[in-house]
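Quick heads-up: it's one chain on its own, the form predicted on its own, in structure tokens.
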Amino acid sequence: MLASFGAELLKIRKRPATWILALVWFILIVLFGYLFTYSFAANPPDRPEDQPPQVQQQEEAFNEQILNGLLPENLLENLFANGVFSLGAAIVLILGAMAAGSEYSWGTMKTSLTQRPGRLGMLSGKALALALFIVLFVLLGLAAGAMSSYTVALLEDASINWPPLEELAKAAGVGVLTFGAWGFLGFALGMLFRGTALAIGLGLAWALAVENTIALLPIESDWWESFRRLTLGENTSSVGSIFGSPNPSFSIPETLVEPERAAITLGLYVAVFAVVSLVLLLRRDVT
């Protein structure tokens, strides 16, 4: 298993797509988490000359609230409660699909197994390598958020107060659970479809279209709410609420699941996707 783990690390590390995904993830955090929001709040549009003073004060308070949310002391609320970290779900899904399906696309799965790692050993190596890169992507996201919030504090000449270390450690754990669930979904899809193209296509369709549609459908019934409580998207949003409520300025819907339950659900998803991947590899022909 260790030899397979080392080989998988080398493949993921040498693949240009890995570093492109990392760069895209970094840019997403900076742009959508901070730059666009800061530009809107720090440079509001020109007000009409006849605007009532009360309305002007409300707009100034609104912009001040947004700017305060971008400071280092609110780093975790902005990244997790406001859903910024959820933007990386599609990225790690692609990473997971590539980790599992590339051997099929390259036609090297059978060749790899002739080197005697065994199917279980090969899958374990792939899963561990993917898990390691998921951790690295989580740390990269936290670093991008920290850098951006520090820059906002300097621009606004505000005091710099970072969240406690235990909160940062909790954030890393929440990030790993979130990215782990989406990454291993892509991993299972790569094993299911024996390749990367269809796995990535259907995975992105689910993450970007189906999950959002499920969240927005105005269906009021107990069974529909119970179904939504089980979806990956809902649990991804809910687990971030452990760091606070979303900023009301962003009109983020209220979460349905308690953050502790969402964390357990995401952990179960990781386990289920890993088991499904194992069963698919052990029970089917590798070609």
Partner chain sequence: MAATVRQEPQEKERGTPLVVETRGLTKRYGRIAAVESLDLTVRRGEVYGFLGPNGAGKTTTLRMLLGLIRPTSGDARVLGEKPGSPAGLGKVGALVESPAFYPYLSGQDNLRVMARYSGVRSPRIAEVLERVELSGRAKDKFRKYSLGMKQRLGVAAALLKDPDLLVLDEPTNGLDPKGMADMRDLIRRLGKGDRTVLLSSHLLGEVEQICDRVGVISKGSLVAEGSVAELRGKQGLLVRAEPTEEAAQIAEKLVGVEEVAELGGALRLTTDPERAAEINAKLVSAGLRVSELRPAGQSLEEAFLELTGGETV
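Numbering follows the first chain given and starts at 1. As the structure is a computational prediction, the values presented were derived from the model and not from experiment.
As for the form predicted together with its partner chain, it is not shown, yet the points below apply to it.
Interface membership of Ser159, defined by any non-hydrogen atom within 4.5 Å of its partner chain in the predicted bound form, is ruled out.
Remark: Leu198 does not count among the residues lining its partner chain in the predicted bound form, judged by a heavy atom distance of 4.5 Å or less.
At least one heavy atom of Ser112 is located within 4.5 Å of its partner chain in the predicted bound form. With a 4.5 Å cutoff on heavy atoms, Pro117 counts as touching its partner chain in the predicted bound form.
Heavy atoms within 4.5 Å of its partner chain in the predicted bound form map, among the stretches 164-172, 212-220, 99-107, 73-81, onto 99-107 alone. Contact with its partner chain in the predicted bound form, defined as a heavy atom within 4.5 Å, holds for exactly one of Leu268, Leu10, Val275, Ile20, namely Leu10.
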